[in-house]
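One chain is shown next in structure tokens, namely the form predicted on its own.
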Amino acid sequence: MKKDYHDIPGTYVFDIEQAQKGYALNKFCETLNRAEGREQFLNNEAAYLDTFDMSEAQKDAIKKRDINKLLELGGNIYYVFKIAAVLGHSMQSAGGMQAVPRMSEAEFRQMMIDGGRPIEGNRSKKENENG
């Protein structure tokens, strides 16, 4: 179902449909709160991912460290960030990985120090298409 907030560029609003789509993915991410989950993920990623009822697209996005794709596939940013943290990424590094076009950690940090993304071009997909 198309919602008004689907017009927001560069983000996926985590609603009930996204929650249902990403349930198994977010369950996996939740296990990274525990030492044994982090250890299994780091020691044999593919085997550990296979223990969860995730789609192949979700597993592939994890393997590619594609945060935006994980959000599109139902990941909740607070859970998905656990993957980045386990892999040693800072919040700024993960933010840069999500940026379009992609940014380095330093570039993302500087953008935030300078006040964040400009509103122009980031308000509405329809506005961007219509100029």
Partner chain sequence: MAKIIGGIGTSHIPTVGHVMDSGTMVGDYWEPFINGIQPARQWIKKNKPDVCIVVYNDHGSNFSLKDVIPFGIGMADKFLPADEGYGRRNVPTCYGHQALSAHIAESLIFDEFDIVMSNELDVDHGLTVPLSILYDQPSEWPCKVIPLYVGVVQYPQPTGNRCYNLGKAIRKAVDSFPEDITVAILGTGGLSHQLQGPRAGLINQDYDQKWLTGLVNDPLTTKDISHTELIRETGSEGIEAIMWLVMRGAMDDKVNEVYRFMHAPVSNTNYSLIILENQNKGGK
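Residue numbers count along the first chain shown, from 1. Heads up, when I say rigid core I mean the largest set of C-alphas that superpose within 1.5 Å between the two forms. The structure presented is a predicted model; accordingly, all values stated were derived computationally and were not measured.
Beyond what is shown, the protein has a form predicted in complex with the partner chain; the following relates to that form.
Trainee: Would D4 show up as a contact with the partner chain in the predicted complex if we use heavy atoms at 4.5 Å?
Mentor: Judged by the heavy-atom cut-off of 4.5 Å, D4 is in contact with the partner chain in the predicted complex.
Trainee: Considering non-hydrogen atoms and a 4.5 Å limit, does the partner chain approach R109 in the predicted complex?
Mentor: Heavy-atom contact with the partner chain at 4.5 Å: present for R109.
Trainee: Counting only non-hydrogen atoms and a 4.5 angstroms cut-off, does N44 reach the partner chain in the predicted complex?
Mentor: Outside the cut-off, so no.
Trainee: Whether L73 contacts the partner chain in the predicted complex should be assessed with a 4.5 Å heavy atom distance threshold; does it?
Mentor: The answer is no: L73 has no heavy atom within 4.5 Å of the partner chain.
Trainee: Residue by residue through 111 to 127, tell me which have a non-hydrogen atom within 4.5 angstroms of the partner chain in the predicted complex.
Mentor: If the 4.5 Å heavy-atom criterion is applied to the partner chain in the predicted complex, 111 to 127 yields M111, M112, I113, G115, G116, R117, P118, I119, N122, R123, S124.
Trainee: With the core lined up, does the C-alpha of E17 move 2 Å or more between this form and the one not shown?
Mentor: After core superposition, the displacement of the E17 C-alpha between this form and the one not shown stays below 2 Å, so no.
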